[in-house]
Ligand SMILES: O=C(O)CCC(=O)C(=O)O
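Encoded as structure tokens, the following chain is the form predicted alone, with no partner shown.
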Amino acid sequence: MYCLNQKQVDDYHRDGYLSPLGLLSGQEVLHYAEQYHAARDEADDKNFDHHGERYFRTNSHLVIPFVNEITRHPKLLDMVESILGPNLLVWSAEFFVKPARSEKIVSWHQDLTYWGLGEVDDELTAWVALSDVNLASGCMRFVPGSHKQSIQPHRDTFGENNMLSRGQEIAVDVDEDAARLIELEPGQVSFHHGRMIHASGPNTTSSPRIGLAIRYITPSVRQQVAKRDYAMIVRGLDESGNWIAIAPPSENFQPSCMKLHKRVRLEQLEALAQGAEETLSTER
């Protein structure tokens, strides 16, 4: 019902991104924003040995039911299916939140560089806005067509204000004049390819910028660096044998789900940490 039209699909393949796309109703945005803040409060109350942030920054769909619900939103899956086909897995889902008046940034990079999935095309990031996302609040910037390049050399910075795990940045010149601002209203979503060169600036506003990045893949994609990897089937079938199937949570921070979250996090870290100039924290 909500499939993209052929022009939108062609635009995505030409430019490496598609934005903005309508997804959530105003009522849904309010509901999910409330769920987000409630989960934050619950994590704060539980303390989690001071590492509660990890459940929002990596694989949130494993421990927070409403995140899993968004990944399975029928309208979102219809649009993703238009590009990737009928068999869809979620490899990860993570919040990118910039607090009010925050210096946090994301440097120019390509997502696929450190995932261990190779230079595949059968993946897509859906970035869902739960707040206003604009230049002042630190929206993403994309370099159109840059996904047609191979994965470029990157360097680690481990910058204090860099939201990426290694502070990684692309080690080639980026034509910032060619970049497009990806501004979104609450409830809108953007799509981008894993080789898209992109970045985002600080949040200079008085409100937090809240976005959820969902990484969709097809069953044909496989982990090439870590010994094992995990994915959640959200539409169609997975008969590839490439992925350890995982089930969605039924309530926030279930002990069994938190145990699974830790196992997935540590095994995926094997790929993420490859070649790092410093030791990556297991509590990222």
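All residue numbers refer to positions in the sequence shown, first residue = 1. These figures come from a predicted structure and were not determined experimentally.
There is another form of this protein, the form predicted in complex with the named molecule, and it is not shown here; the text below is about that form.
Check His61, Val67 and His261: does every one of them have a heavy atom within 4.5 Å of the named molecule in the predicted bound form? Per the other structure, none of His61, Val67 and His261 touch the named molecule.
Can you tell me if Val174 lies within 4.5 angstroms of the named molecule in the predicted bound form, counting non-hydrogen atoms only? No, Val174 stays farther than 4.5 Å from the named molecule in the predicted bound form.
Next on the checklist: Please tell me whether any heavy atom belonging to Ala213 falls inside 4.5 Å of a heavy atom of the named molecule, as the geometry stands in the predicted bound form.
Outcome noted: Looking in the predicted bound form, residue contacts with the named molecule include Ala213, since a heavy atom lies within 4.5 Å.
Quick one: does Asn203 come within 4.5 Å of the named molecule in the predicted bound form, counting heavy atoms only?
Asn203 lies outside the contact set for the named molecule.
*Would Leu76 count as a contact of the named molecule in the predicted bound form, using a 4.5 angstroms cut-off between non-hydrogen atoms?*
Judged by the heavy-atom cut-off of 4.5 Å, Leu76 is well away from the named molecule in the predicted bound form.
### Query
Want to guess which of 148-156, 177-185, 191-199, 81-89 is within 4.5 Å of the named molecule in the predicted bound form, heavy atoms only?
Among the listed stretches, the partner-contacting one is 191-199.
| request: State the residue from Met140, Leu130, Leu124, Leu117 whose non-hydrogen atoms include one within 4.5 Å of the named molecule in the predicted bound form. | output: Going through each option in turn, the one that passes is Met140.
Going through 80-104, which residues have a heavy atom within 4.5 Å of the named molecule in the predicted bound form? Please give them in sequence order. Phe96, Lys98 sit within 4.5 Å of the partner.
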